[in-house]
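Okay, so here's just one chain, in structure tokens, the form predicted on its own.
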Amino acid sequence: MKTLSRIYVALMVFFLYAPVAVMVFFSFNSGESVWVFEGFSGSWYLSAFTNTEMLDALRRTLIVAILSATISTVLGTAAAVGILAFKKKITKNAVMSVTNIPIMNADIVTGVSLMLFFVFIGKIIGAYESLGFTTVLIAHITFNLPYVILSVMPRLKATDSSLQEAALDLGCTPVKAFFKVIVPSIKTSIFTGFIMAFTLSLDDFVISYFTCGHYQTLPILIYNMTKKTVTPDVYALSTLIFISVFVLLILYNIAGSKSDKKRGVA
């Protein structure tokens, strides 16, 4: 049984990371072929940083990712506090069920529904272009929010409520007590929620595709390139993004481990 489990894990890891390994390997190809390795070279990495179209798409992607992660982290933290403030369990469960819908829903359904909604609103207000930067940002905030809430809420539940009550007794206002007592105790979970939201926003394609309009992000640009010819500079830039996301996931796991340890102590 252990042997079968190990074989299963090995196959799973292989099918997950073999395409990534191929991408990294051919990003160092000296030729333009993406299936014949002609020699080792780092020239495509230099080419990636001189490709203005890709760099502009990357800049737009990072702007959306940073803004959506920041806004969803603030809103998600506030929402987690508000959900826990509900006294009736049925109300709390109903709100949590609604919150989890974007996670369980298929991306294509979310993307199409948001696109129709934005176009409908655009027609009402008379906007010439209904889709663009604003719609992409709102869409990313929408699907990031549940992940932030689910990241913050467990730590928020484990926080001793008497700490905030003590701060109120000592003269703090509710807002000041929240930022002085609650936020420091859940800051690790807030950070993990931010990283998760940033990572999800960075590589999103389906929802962005339906809500972007003329605002082209990097995943959409790469998808459009596959219709013609993909050069190794795309592999090089994708490799750098993969490494960045990998580092962020390591930080996410480290922060999560610290949060679990603190929760165990509490």
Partner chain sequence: MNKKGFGSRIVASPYILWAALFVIVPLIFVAYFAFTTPDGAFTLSNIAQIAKYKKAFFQSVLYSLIATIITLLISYPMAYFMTKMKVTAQKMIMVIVMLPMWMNFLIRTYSWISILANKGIINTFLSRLGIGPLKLINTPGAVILGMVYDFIPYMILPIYTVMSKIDDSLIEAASDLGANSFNRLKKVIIPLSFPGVISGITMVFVPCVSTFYISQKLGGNKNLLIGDAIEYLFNSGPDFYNVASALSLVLMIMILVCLFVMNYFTDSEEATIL
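Note that the structure is a prediction, hence the values are computed from the model and not measured. Positions refer to the first chain, counted from 1.
What follows is about the form predicted in complex with its partner chain, which we do not show.
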With the partner left out here, check for me: in the model of the complex, does some heavy atom of Thr226 sit within 4.5 Å of its partner chain?
yes
Looking in the model of the complex, any heavy atom of Asp203 within 4.5 Å of its partner chain?
yes
Taking the shortest heavy atom distance, is Phe133 within 4.5 Å of its partner chain in the model of the complex?
no
Taking heavy atoms and a 4.5 Å cut-off, does Tyr45 contact its partner chain in the model of the complex?
no
With the partner left out here, which residues of 226-245 have a non-hydrogen atom within 4.5 Å of its partner chain in the model of the complex?
Thr226, Lys227, Lys228, Val230, Val234, Tyr235, Ser238, Phe242, Val245
